[in-house]
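Below: one protein chain in two forms, given as structure tokens, structure 1 then structure 2.
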Structure 1
Amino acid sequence: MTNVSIPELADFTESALDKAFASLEASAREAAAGLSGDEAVEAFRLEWLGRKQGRLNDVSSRWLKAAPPEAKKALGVRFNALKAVVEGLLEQAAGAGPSDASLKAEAIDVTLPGTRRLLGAEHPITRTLNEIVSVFAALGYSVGVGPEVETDYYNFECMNFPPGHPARDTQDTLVVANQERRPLRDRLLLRTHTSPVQMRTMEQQPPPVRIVIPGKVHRNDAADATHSPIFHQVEGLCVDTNITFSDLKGTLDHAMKALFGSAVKTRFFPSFFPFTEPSADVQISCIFCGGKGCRKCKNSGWIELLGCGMVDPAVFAFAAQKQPAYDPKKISGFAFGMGVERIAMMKYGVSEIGQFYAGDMRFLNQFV
């Protein structure tokens, strides 16, 4: 019987040896798996390790002898490993658990790198947008969205950029072709800011309103390290009775601390936007140097981050055409807006805005 189970070996190449020993090991394991009772264990011992008729004895006497001299070493190594395995199996079957030697025979190189499963990375812009949105969600702001192709009315006119007003020059606009024959207010363009959603929301619902508007916007700007014709904004709008400028300050101060850490300070400067009055630019204390002054903040200790202001009564007047409750004598509100790319660049140390839109795996890999 033993003669049958150990075949003659004609091929002594390493791969043939691997195959032959693997098959022996498999059958040893299979035999050991079903053992129960001392007798069976003893029978297993005799079958594999018996001095005269044991299989390992056969291997040693037949394969080792037949092997050409150059294959003897390789065969010996495998033989010893198999022997350790069988001894281990026997110990296990006898209830002693595997011996150290048999476990050692299973040693692997733990310093080799692990096999990593693929893991996708959320885009840094999405991530930043979501962070900002969730900060405002905690303050009771719902998300508002609107179309990227807008009419002149929603993008400009109702935001208090009258036709022909110089303020329109500050936002170079990409327009849809063949609009010249349409009335100005109906002409289609790529929205230059997410502000149209402010009006669309107010037209849909009476006050109070608290919305935060994330979205893609476009301008006809030449691309450079910090400018892109495509970028993202988050705007916010809060309208209710008795909303004040100090509420605007408090809200944004809170939001900046939530986004950049509680040590961050804010300061407000008068500014000009057609759709807010009073208008302000907001700076935060430099998150890189803590306000001491560094290259990132041009040694000022401050970084300009957003624009905001109290909603201009003219904007409410446009909203009141559809929702009369937007009476600037009775309600008030504030709006704010920020560039998402700029914040993402700061948060993640990105130096070229174009990297956000290139789909470069090397860039995106960093955000896993």
Structure 2
Amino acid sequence: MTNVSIPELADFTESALDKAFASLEASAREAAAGLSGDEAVEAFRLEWLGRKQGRLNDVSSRWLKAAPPEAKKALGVRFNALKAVVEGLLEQAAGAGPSDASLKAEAIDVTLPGTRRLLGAEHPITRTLNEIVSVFAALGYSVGVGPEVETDYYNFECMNFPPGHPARDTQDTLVVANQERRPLRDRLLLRTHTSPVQMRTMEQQPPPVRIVIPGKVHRNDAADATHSPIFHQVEGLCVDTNITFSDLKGTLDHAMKALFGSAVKTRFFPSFFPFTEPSADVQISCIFCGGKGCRKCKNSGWIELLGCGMVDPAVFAFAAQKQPAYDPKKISGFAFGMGVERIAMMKYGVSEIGQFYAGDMRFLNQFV
């Protein structure tokens, strides 16, 4: 930075002021004409506009303060004009941009192929889950959600799993540690099914209820080709007056046809679930062989896919503690549940459930 001192000004006549400020302006323009690069521009700014050592600050200190009262106005007008000139020169120098050589070095060849950005896609589990939910949404079902960390009461007790029931075996349920001092119904665990959302929904609203409940569940299962300690379920609940088993059969038959094609047939076999009575397992005709028999359906022509049944009156009795409208003498309902991974494996021909969770892009790219 050039450190040129400002001379003392003894004559404050109009002509003397014009001459003094014209000299400073010429000096500023000469200095700005040779600026090149950011460092030079910054040095010019400090030299002329610096708050402590800037030349304009020096002009203000030496000339404005020393001027007689009658000359201050004329001197101030010229000072402001000079400051505007210096700021304009600085702005012009800062915006001059890079040289032609630097522009050529940074030039982009627009004829070269661009960098392809990979677009994401739904995971096959997410896609299958959304397909199932959309089928029931078209039937007027809303979507219910709830916590994955549940209490023993909502996961078991209110679903008619009394203490000592085999499903409470620690080999089947992942329990949060260090809760021995809590009452059994308040102890926390990772939910083993999405059924707790059924009870939470009934406690919050009176019938009629039609909900479908997608979500992640956890069980202490050993991983193999068809089992995983983490998987997904879609459960459904329909409660109203005069709901019958025929309504359940018609609903699931329609859903299976919507998922697998209109040629699919369904059949029901007696089963047992603590929260439904009567209960049934649902089979569909094999989508691979059309019911003729093949290795995938073990030559039976049928594939077991989900469980269902009419809601047990004992479950309604738990709901009635907070919502008296769930009187099992006046209302009825059905529930069903299916594993999302099992359906995804069938739809996409996947033989190992673990492939869904391995994060192998070679596998997942098939579903883009």
Partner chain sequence: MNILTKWLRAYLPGLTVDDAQLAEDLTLRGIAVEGTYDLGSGKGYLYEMDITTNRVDAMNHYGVAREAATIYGLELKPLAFPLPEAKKAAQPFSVQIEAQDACGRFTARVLRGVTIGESRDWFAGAEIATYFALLDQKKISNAVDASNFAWLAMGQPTHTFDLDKIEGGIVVRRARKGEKLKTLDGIERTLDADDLVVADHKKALALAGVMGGWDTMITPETKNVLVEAAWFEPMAVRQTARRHGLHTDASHRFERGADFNAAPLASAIVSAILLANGGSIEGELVDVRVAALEERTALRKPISLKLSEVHRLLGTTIDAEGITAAAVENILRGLGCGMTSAASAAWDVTLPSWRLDIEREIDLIEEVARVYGYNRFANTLPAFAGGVRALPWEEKEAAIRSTMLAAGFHEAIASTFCSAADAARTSPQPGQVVPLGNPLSEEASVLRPSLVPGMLAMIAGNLNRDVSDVRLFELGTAFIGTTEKVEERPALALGAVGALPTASPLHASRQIDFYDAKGVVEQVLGRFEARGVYFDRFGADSGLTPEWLHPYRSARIVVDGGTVGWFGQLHPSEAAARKIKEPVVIGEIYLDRLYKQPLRKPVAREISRFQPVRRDFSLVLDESIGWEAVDRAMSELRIPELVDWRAREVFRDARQAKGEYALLLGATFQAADRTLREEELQSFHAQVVEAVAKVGARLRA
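Residue 1 is the first residue of structure 1, and the numbers go on in sequence order from there. Quick caveat: nothing in here was measured; it's all calculated off a predicted structure. The term rigid core refers to the maximal set of C-alpha atoms that superpose within 1.5 Å between the two forms.
S.K.: With each form of the chain shown alone, which structure should be assigned as the form predicted alone?
M.R.: Of the two, structure 2 is the form predicted alone.
S.K.: Using the rigid core as the reference frame, would you say Ala344 shifts its C-alpha by 2 Å or more between structures 1 and 2?
M.R.: The answer is no, as the C-alpha of Ala344 shifts between structures 1 and 2 by less than 2 Å after core alignment.
S.K.: Superposed on the rigid core, does the Cα of Ile303 end up 2 angstroms or more away between structures 1 and 2?
M.R.: Shift of 2 Å or more: no.
S.K.: Taking the rigid core as the superposition reference, indicate whether the CA of Ser246 shifts 2 angstroms or more between structures 1 and 2.
M.R.: False for Ser246: its C-alpha shift is below 2 Å.
S.K.: After superposing on the rigid core, how many Å does the CA of Arg116 move between structures 1 and 2?
M.R.: Shift of Arg116 at C-alpha, rigid core superposed: 5.8 Å.
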